[in-house]
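Presented as structure tokens, the chain that follows is alone, the form predicted on its own.
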Amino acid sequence: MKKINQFINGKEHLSKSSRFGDIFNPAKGEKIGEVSFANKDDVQLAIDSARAAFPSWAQTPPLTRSRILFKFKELILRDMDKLALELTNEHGKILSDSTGSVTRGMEVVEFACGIPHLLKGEFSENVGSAIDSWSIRQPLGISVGISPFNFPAMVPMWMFVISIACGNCFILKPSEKDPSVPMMLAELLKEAGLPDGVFNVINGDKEAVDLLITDPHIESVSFVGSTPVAEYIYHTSSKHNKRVQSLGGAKNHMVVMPDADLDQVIDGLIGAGYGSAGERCMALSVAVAVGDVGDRLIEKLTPRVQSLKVGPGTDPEVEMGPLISKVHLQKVQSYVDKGVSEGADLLVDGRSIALQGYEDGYFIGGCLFDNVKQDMTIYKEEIFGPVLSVVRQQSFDDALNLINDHEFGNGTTIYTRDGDTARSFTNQCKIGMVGVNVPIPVPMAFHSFGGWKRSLFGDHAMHGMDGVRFFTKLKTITSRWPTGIRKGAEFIIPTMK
């Protein structure tokens, strides 16, 4: 039975807290460990450690920081199989998906290795007579990241990698449901040569979060999770004068036009709708069938959902693993119940799935609804499970308005062979991340990840150049040397002559 503690000042810290959380293997439904919930003293120790490390780390040349990140990348590659297996054991997603998510996090490391170039400012010579002006970007101080259970490697790396590359110190509060991988990443950073105190991990719950987001020494807060919590994090952190990027929920639509390649559509819906058991903020949960394509779509889609291979994530033949917890399984099942009671047509029902040897696991099969309406609960709310809803619309404009009217604006995609339709969609949809014949339009590390509307609170998206801007302060210098100084006081706002 493993015991997960805190990681503070470059080493494991044994908390004196009496509070613990249970860690489960979701495929078996059995407890495999405990995680210590940090108390006030633990949080304060992490903050003090980061404060002590910050002055030296902020003055460390960006090239030196970059070399540590290069080493960190090497170590991730070395331990990729270990990281993926630990992720699967605690989260449940299949091993190939776990490996892919670690790889997507590592891509942010690769981007951040170029930080000497990314931090270059701008220079203007002779903005006035013998006067030069230039801008530089400098670190904020101490950053906090609060990451979700569904991506315990990728999302933390979206946050802390850019932050420490920019010269900040970082405190990560990962999900208490699967805390082992973040602790492994902390050890790899230590092995890569990161100075003690620059990166710390605080495990816990809302008590630790509230201490972190209200402490006066924390300069920025990054969050990924549900919209109600994202809004709470945003308002509370902003109230305490912190810079905030807070990513919330989603209801991602795929628009299927009558001219779409239906084989590509079905492959996209199966992978993006049911991959990771739907526990992705970029999962496709709504297929919008336009015109007469609906019947053809259902005819091809239904048998594919029925034939999904469900089982433990460690089985290489499995396509979809369990949900994260028993509580979440019950929540997803209740959404399916609600869809039936509100009148949607349940074509594939995964609620009764039973797996020999895994009877206590948190499994649900793929679920498929047809004729879902805009006022139904399963359409309006984020289910975060393998439940796909098909909504039928008469025209492209109807489909576009449907998407734009939804409260979430995280991701969307359109499948069509028509360039004019695709351009109109990408131009007019009110969504932050858009795909054309691409099922999951997650931007690469050198672009930025973020939604619109109630899917993101704050002015900055994650990673890419938006990440660099978020984790730095802009300073502009205007300089003139003694030769040629104008004589006498001037009582007007400076103008350049």
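The structure displayed is predicted, hence computed values, not measured ones. When you see a residue number, it is the position in the sequence shown, counting from 1.
Separately, the form predicted together with a small molecule exists; it is not shown, and the next lines address it.
Looking at 365-373, 290-298, 112-120, 228-236, which one sits within 4.5 Å of the small molecule in the predicted complex if you count heavy atoms only? Stretch with heavy atoms near the partner: 228-236.
Contact of V265 with the small molecule in the predicted complex (heavy atom, 4.5 Å): V265: no, not in contact with the small molecule in the predicted complex.
Does the small molecule come within 4.5 Å of any heavy atom of W158 in the predicted complex? Result yes; W158 sits at the interface with the small molecule in the predicted complex.
Given that the partner is absent here, does K173 sit within 4.5 Å of the small molecule in the predicted complex, heavy atoms only? Although the small molecule is absent here, K173 would touch it in the predicted complex, with heavy atoms inside 4.5 Å.
Is it the case that N150, even though its partner is missing from this view, gets within 4.5 Å of the small molecule in the predicted complex, heavy atoms only? Result yes; N150 sits at the interface with the small molecule in the predicted complex.
Which residue, P195, G141, P258, G249, is the contact with the small molecule in the predicted complex, using a 4.5 Å heavy atom cutoff? Selected option: G249.
Just one of I146, L269, L83, V387 has a heavy atom within 4.5 angstroms of the small molecule in the predicted complex, so which one? Comparing distances to the small molecule in the predicted complex, the residue within 4.5 Å is I146.
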